[in-house]
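Here you get one chain, nothing else, as structure tokens; it is the form predicted on its own.
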Amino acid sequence: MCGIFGYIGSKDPLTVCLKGLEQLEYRGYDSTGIAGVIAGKIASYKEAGKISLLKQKINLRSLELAIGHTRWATHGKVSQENAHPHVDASQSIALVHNGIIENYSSLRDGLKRQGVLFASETDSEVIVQLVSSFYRGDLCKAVQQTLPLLHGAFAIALIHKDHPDQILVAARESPLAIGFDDEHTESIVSSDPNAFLGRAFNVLFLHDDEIACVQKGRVHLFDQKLVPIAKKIERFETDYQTPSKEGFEHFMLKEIYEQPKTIQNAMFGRADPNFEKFGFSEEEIKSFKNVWILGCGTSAHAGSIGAMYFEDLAKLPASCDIASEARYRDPILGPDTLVIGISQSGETADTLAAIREAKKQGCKILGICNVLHSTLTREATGSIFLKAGPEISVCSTKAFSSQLVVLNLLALHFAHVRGCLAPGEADSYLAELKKIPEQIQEVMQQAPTLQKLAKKYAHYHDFFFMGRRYMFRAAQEAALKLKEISYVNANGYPAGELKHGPLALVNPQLPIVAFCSNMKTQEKILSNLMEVKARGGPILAFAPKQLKEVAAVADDVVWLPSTLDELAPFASTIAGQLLAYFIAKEKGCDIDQPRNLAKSVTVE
């Protein structure tokens, strides 16, 4: 969470910094601010609220350089005082910070005993006050003395009124990139390297406790002992296009409707026998004894379905863990375990931490993500990209369906390499998979029906989603979509567990959203629906066309295309996405930027 951007160069720093922050706003939009140096003084302005509000009010001209920040609140409420940048007590240093300082309370108490006055509730202000306490004319030295005192993950950028020619940056377990041009006229610092797109830049990435002094078109790098170091430089020359809703009311709706295309993109070049190279040989694929998949939120739901793909198709034991829990486990792992990390952004802090623990145990890591140059792709043994294009809405839609495609085809590829498929089995399966984009179009044609149902169900405060096997995970994902953007309590549950507690909740004020497209368990799900109906719960069913019996039980039915059990999550979850969208719209919620959330979760 949170976005850092800094600029020093021949262009107007304020203009460049504002544009950079707009590209990073997906990381947090509780508050935002910019600081720079003007005539030997620190000048800053910050606001609680989105960047659009800052742009209306900020009036910092003739900056010699600038650092900016868009915040997702961790320590301290959303307020102007807690917004970044933070300035030290002497008004000499301004700092922006991503991450969490775990021992900030004890550090703060120690500084207070020295007479330091704090202006915010944040852990971030502790850093700038510490740097100030160590400063004796050498800013690099002051930062170097501060870093060992900080416990936790962080990325920082700071400026000093007496050094208007440099931005100091440092990082630990948090992404931070530096870009500079060939002409030595400008340099940029960003927590997301994709903020460099549209420029021909040389880019490098900071590792743990490394420090960089960034000047116009130049970067001086140091290790934690301030010994100069050299780093590999990557070249960015990709064009950047400003995201457009292209006539849709919200990015989320646009991205839902893009899925027939993005699913085809995810399929391209990934059908046996010519699956694209992704960093693993056939010998390695044959050597794996089990698969461990890691992800958070939507990616964890995709991973749970992916684990079933590996077991059902490749006959390979597989499991999926939520990364924030997995990183504190002590699982039995080794070189014969393939660990798959799934992250749309490639920057999810808990997922990165979990795969780092797995690497220590000798595991090979496969990264599945949507963003080039991300931390996940740099740290994994091999990578597969979703090719879904930028996903702007905080609520993930097209990335999820692309993750399912990649996991599906990857499991099929493993099955092929490991000799688990009967003659012709892969061809018939792929033929069904290739029908998915057309089936999604069928679901989208039911948007008016789903919008009408949304009007009927929008007044409820609680929802219960249920399904079996593949449909259980689809129900979990659909419930997440609804709670993310509608702010209602929605829970996904395995339908077979209904009698083991949740049935106590069923009443006329609790709608049951049932996902019924698992062929193997259709009779069982119908029995579960009868149990709900007997207790007065309103039922909205998402069911395949051939399951006519559901109409006699459910209050409302959305009919979906029939397909294989393994492929049923596509139509079901996309119907769930549309339902969530229309309910959120009916309730007047901020759909693309829901409260308290951010697109990329870069803190634990």
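Start at 1 with the first residue shown and count on from there. For clarity, every value in this text was computed on a predicted model and none was experimentally measured.
FYI, the form predicted in complex with a small molecule isn't displayed, but the following is about it.
S.K.: 192, 194 and 384 - do all three of these have some heavy atom no more than 4.5 Å from the small molecule in the predicted complex?
M.R.: The answer is no: none of the three residues contacts the partner (heavy atom, 4.5 Å cut-off).
S.K.: Which residue, 204, 488, 480, 433, has a heavy atom that falls within 4.5 Å of the small molecule in the predicted complex?
M.R.: Of the listed residues, the single hit is 480.
S.K.: Please pick, from 345, 187, 174, 259, the one residue with any non-hydrogen atom lying within 4.5 angstroms of the small molecule in the predicted complex.
M.R.: Contact check passes for 345.
S.K.: For the chain seen here without its partner, which of 125-133, 511-519, 295-303, 331-339 has a heavy atom within 4.5 Å of the small molecule in the predicted complex?
M.R.: Result of the contact check: 295-303.
S.K.: Residue 396 near the small molecule in the predicted complex, any heavy atom under 4.5 Å?
M.R.: Yes, contact at 4.5 Å.
S.K.: Quick one: does residue 484 come within 4.5 Å of the small molecule in the predicted complex, counting heavy atoms only?
M.R.: Taking the distances in the predicted complex, the answer for residue 484 is yes, it comes within 4.5 Å of the small molecule.
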